[in-house]
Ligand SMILES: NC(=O)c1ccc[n+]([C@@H]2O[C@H](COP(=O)([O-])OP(=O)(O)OC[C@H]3O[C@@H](n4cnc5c(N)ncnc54)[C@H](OP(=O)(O)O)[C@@H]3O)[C@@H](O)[C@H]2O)c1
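A single chain comes next, written as structure tokens; it is the form predicted alone.
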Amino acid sequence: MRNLGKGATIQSVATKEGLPIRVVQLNVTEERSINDAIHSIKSDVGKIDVLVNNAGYGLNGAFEDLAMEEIKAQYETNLFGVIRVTQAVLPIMRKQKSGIIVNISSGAGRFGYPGGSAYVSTKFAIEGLSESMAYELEPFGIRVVLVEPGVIKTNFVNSIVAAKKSQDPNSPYAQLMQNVATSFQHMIEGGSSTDVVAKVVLKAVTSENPTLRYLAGNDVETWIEGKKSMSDEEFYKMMKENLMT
């Protein structure tokens, strides 16, 4: 965890259930923190079987309203954080000739939506990164998996960052962003539970032959099916009707 002070809940569950869980400090934007955590784990147990890259947050705002600093911060966590942690773990997995890397992407790694250009582009990057890595790592007994959740009821929603300019009521995109926020709120109310994603991750890491991609949530399954069966123009129209009106 980046902030160990927030670890009380998971430690309480671990104690109650008798689970051998140890929480280690790790900030994906700091190389020293990453290296210290990986070294600590390797020293304690001698190997690393599974890496789940789950750290991330959403930056909302029309592209023109995004400050470069806000975009860079989004990429530091969502993309470069994945790169840093994965590169720190790979030498260990290569040496043991086994391992599985699970990158938590998103349905938004397969299609865009208004107000999500920064977040969506990090997830598109995760998709391409993971596909390329899969070829390189398979000869070393290491598998790469993408998990693509839809709308999930988690604290992720509470940590969404709104671009500063997008909060200005005089922004030319103010009405669009308001419409998107209203539509997204309805989606959250019907979103899937965290158990859905947890079960998909467990299925992937315990499978003898995991596939490259796993969808997590009925909504994302519907979207991806639509993306496959519709023309780009048809899908674009559907997204506009669902999110912008």
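Computed from a prediction, not measured in an experiment: that's the story for all the values here. Start at 1 with the first residue shown and count on from there.
Separately, the form predicted together with the ligand exists; it is not shown, and the next lines address it.
S.K.: If contact means a heavy atom within 4.5 Å, which one of 90-98, 146-154, 165-173, 127-135 is the stretch that engages the ligand in the predicted complex?
M.R.: Comparing against the ligand in the predicted complex, the contact stretch is 146-154.
S.K.: Is residue 102 one of the residues lying within 4.5 Å of the ligand in the predicted complex, judged by heavy atom distances?
M.R.: No, residue 102 sits far enough from the ligand in the predicted complex that none of its heavy atoms falls within 4.5 Å.
S.K.: Please determine whether residue 183 contacts the ligand in the predicted complex, using a 4.5 Å cut-off between heavy atoms.
M.R.: Residue 183 lies outside the contact set for the ligand.
S.K.: Answer yes if any heavy atom of residue 121 is within 4.5 Å of a heavy atom of the ligand in the predicted complex; otherwise answer no.
M.R.: So residue 121 does not count as contacting the ligand.
S.K.: Tell me, yes or no, whether residue 177 is in contact with the ligand in the predicted complex, where a contact means a heavy atom of each within 4.5 Å.
M.R.: Although the ligand is absent here, residue 177 would stay clear of it in the predicted complex, with no heavy atoms inside 4.5 Å.
S.K.: May I ask you to choose, among 55, 50, 196, 38, the residue with a heavy atom within 4.5 Å of the ligand in the predicted complex?
M.R.: Answer to the contact question: 55.
S.K.: Using heavy atoms only and a 4.5 Å cut-off, determine which of 59, 28, 62, 200 is in contact with the ligand in the predicted complex.
M.R.: Result of the distance check: 28.
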